[in-house]
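Consider the single chain below, provided in structure tokens and representing the form predicted on its own.
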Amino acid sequence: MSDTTLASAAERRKLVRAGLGRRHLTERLFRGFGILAIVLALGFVGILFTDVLRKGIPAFMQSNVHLAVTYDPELLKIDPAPEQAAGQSDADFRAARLAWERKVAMLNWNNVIEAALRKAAPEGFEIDARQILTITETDARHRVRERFAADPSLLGQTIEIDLLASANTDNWVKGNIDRNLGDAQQQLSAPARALIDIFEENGTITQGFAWSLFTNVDSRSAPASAGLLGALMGTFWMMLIVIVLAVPLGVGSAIYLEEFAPKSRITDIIEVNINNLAAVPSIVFGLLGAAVFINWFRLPLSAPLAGGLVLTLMTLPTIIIATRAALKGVSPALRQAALGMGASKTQMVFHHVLPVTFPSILTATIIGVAQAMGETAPLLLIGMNAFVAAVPATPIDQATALPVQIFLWQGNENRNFFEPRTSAAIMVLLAFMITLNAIAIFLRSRLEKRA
């Protein structure tokens, strides 16, 4: 072999090694950028979850005022509760009872709470009636009154009652308010703040789990008692409508388009439109729902039925596309084998192809429903941002939803109190969505094992 040939071979080896080095360097850079992107994404998600947890966890604890309430006859000047006399009809007795309960409701129950607070305060502590009543929530009088209406024999007796502290008291106890601010910048008067500190030291004010967050509806007059029950039930009704409508319609449409529909220009147009609908912003579906379901069909404004229908339209493209992708993934050999054994096309689809795709279809369906649960924009356009202080008993009752409740709370003027509550509501919503995704993963793994 000549020297020229050896030199050219050596140069080619150098070029190959240089090329390999560049390729390896490119591969390492690509891998490094991929790892960096994953780390950054996880980092941002971690920051988000950490911030939500940091702000939201304290909201699950709430201040309560433990008082010895005396139903003093001097403060409650009312006749004894009526008793059904012999020969008195049930209707007359109910009328007499309702008249007595109306009189009970007209009594000044704030005087009873004020007396209990003064009894718990140190002897000689100076504070006026208006300031001392800011320690408990404004609806505390309703609870004291309801106890008496349920048991009129309490007149003249003293019982122990735990009342919700006001939102401002809760902020002061938890340190959400800067204690160094002047009186003009504080939400509570100086005597009220001093008495709250005394109550916290002697155990009159304690922290307990905020059951009201789950057992009460939203409230503007009594912020400390505001809860998520109405939003939870509204979300339940909407998701029930989405599951009942979107799942069978979406899966059925996908099966027809993929297995039975003839290939034509019409089906091509339908497929293109379905793919485009999946990318349409959710607010557009809200506009469609407001125009069709509210203005045309005259469905009740701010009703879970209208919200569920809007979310159904938004979820359908996702379910159809995912179901068709699952059907396409089935081996043609399975179809040919079923047809070769004498099965009809319908039997082939429903007895052989569809069972194989159940895990993927179920996963896509649950993820689509979970995505719909977190939507806010379309619900705002059909009026579900209205203040509703009631639990919807049916899908046509006015209601709100968890995402909308979060939207409403984050704009509340009492930022010190409702910012943690907003984060707590976000945690509840995320818990539901994570639970749905976990169920999807679990069911998919079980179905895949059976298959």
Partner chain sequence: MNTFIVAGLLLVLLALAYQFGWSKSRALATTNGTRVHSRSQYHGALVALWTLVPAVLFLAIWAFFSPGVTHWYTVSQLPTEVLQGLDQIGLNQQLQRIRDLASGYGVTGDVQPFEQAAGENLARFQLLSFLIMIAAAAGLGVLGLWFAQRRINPRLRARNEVERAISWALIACSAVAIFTTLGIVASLVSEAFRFFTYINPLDFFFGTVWAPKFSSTGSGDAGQYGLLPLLTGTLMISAIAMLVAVPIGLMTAIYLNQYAHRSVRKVVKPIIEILAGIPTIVYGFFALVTVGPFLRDFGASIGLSISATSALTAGLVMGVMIIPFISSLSDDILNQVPTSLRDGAYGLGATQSETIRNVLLPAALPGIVGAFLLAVSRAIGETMIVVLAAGNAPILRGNPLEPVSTITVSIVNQLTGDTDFTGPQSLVAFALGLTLFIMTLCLNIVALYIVRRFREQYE
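Numbering follows the first chain given and starts at 1. Each form is matched to the other, and the largest set of C-alpha atoms that superpose within 1.5 Å is called the rigid core. Only a predicted model underlies this, so the values are computations on that prediction, with no experimental measurement involved.
This next part talks about the form predicted together with the partner chain, which is not shown.
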- [ ] Report the residue, out of 281, 355, 329, 80, that has at least one non-hydrogen atom within 4.5 angstroms of the partner chain in the model of the complex.
- [x] 281
- [ ] Name the residue from 232, 163, 241, 255 that puts a heavy atom within 4.5 Å of the partner chain in the model of the complex.
- [x] 255
Task: residue 385, heavy atom within 4.5 angstroms of the partner chain in the model of the complex - done: yes
TODO: Indicate whether residue 205 is a 4.5 Å heavy atom neighbour of the partner chain in the model of the complex.
DONE: no
Open item on the list: Test of understanding: in the model of the complex, would residue 394 fall inside 4.5 Å of the partner chain by heavy atoms?
Closed with: no
Task: Partner proximity in the model of the complex: residue 285 to the partner chain, non-hydrogen atom cutoff 4.5 Å - done: yes
Task: Heavy atom contact within 4.5 Å of the partner chain in the model of the complex, the stretch among 140-148, 344-352, 331-339, 122-130 - done: 344-352
Task: in the model of the complex, residues of 270-297 near the partner chain [heavy atom within 4.5 Å] - done: 270, 272, 273, 274, 275, 276, 277, 279, 280, 281, 283, 284, 285, 287, 288, 290, 291, 292, 294, 295
Open item on the list: Once you overlay the rigid core, does the Cα of residue 262 travel 2 Å or further between the shown form and the other one?
Closed with: no
Open item on the list: When the rigid core is used for the superposition, does residue 387 move between the shown form and the other one (threshold: C-alpha shift of 2 Å or more)?
Closed with: no
Open item on the list: Could you check, with the core superposed, whether the Cα atom of residue 50 shifts 2 Å or more between the shown form and the other one?
Closed with: no
Open item on the list: Comparing against this form, do residue 389 and residue 94 have their CA atoms pulled together or pushed apart in the model of the complex? The difference is 3 Å or more.
Closed with: closer
